[in-house]
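Take a look at this single chain in structure tokens; it is the form predicted alone.
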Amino acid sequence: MNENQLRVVITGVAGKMGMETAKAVIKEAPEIQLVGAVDPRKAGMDLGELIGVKCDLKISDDLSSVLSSSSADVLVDFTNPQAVLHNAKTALEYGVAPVIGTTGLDSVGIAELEKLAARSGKAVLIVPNFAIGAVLMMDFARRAAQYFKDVEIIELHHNQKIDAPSGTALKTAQGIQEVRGSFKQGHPDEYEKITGARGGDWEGIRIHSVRLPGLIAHQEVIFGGAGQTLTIRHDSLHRESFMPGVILAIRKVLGLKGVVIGLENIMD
């Protein structure tokens, strides 16, 4: 091993994003060494057999033991909203910087990570969406909000995603709200014949979540004005679309401080 290589552990490695990340690290990032793989669903299995790439790692079900034995620098988390906070806290306890791709962390959890990050001296990087095109979509939507106050967000994901709305949709809405402020849209006497028909309401922005097999990750932001609409849409057609962002996050996280949210904060 080159002593300048970054040592990385992936938890949730048996999931689709975890497997894609493992393949990308091994095949496309010679300056990064994969030193640990964690996923209780496939504990004991050879990682190389799982991902179809030569690799001498066994998948573990114990994150603490992997972090303590691997001298890891970075933990990449693609687990689930129930496990992500515990995993990030465990990483910080071992002096490892977490890169979190799992959505679902609430403000209380983020505040807790901010305290632990300050104490450990390691940053936490939370990335709602690793696709560079999605980051640009959010930036364009924020710009458009200067000129269009009425907006709705439709996010579409595969049917195995368990949280709704997506982290990307929430971050998009937050960026729009920062520009236009809170604003009550639509007819003042509007009502729903079926509860939820108009989607969720966040600061006056309607967010609609679609979950279907065949989808990966998609979002459109529709602005409306007098006599016109503006639609900004991004589609991830394969999980490889996220890998340049994941690799960038691994490379950059050790140079950060505190809790950083969003890939745009590390893009040059």
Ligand code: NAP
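Just so it is clear, the model here is predicted, and its values are computed rather than measured. All residue numbers refer to positions in the sequence shown, first residue = 1.
The same protein has a further form, the form predicted together with the named molecule, not shown here; the description that follows concerns it.
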- Listed residue (K171, R180, K89, K161) with a non-hydrogen atom within 4.5 angstroms of the named molecule in the model of the complex: K161
- Message: Partner absent here, but in the model of the complex, which of 141-149, 193-201, 180-188, 72-80 has residues with a heavy atom within 4.5 Å of the named molecule?
- Response: 72-80
- Message: So in the model of the complex, is the named molecule close enough to V127 to count as touching (4.5 Å, heavy atoms)?
- Response: yes
- Query: So in the model of the complex, does I205 come within 4.5 Å of the named molecule, heavy atom to heavy atom?
  - Reply: no
- Item | Residue contact check: A14 to the named molecule in the model of the complex, 4.5 Å heavy atom | yes
- Task: Determine whether any heavy atom of V38 comes within 4.5 Å of a heavy atom of the named molecule in the model of the complex, and answer yes or no.
- Result: yes
- Contact set, 235-257 vs the named molecule in the model of the complex - heavy atom within 4.5 angstroms: F242
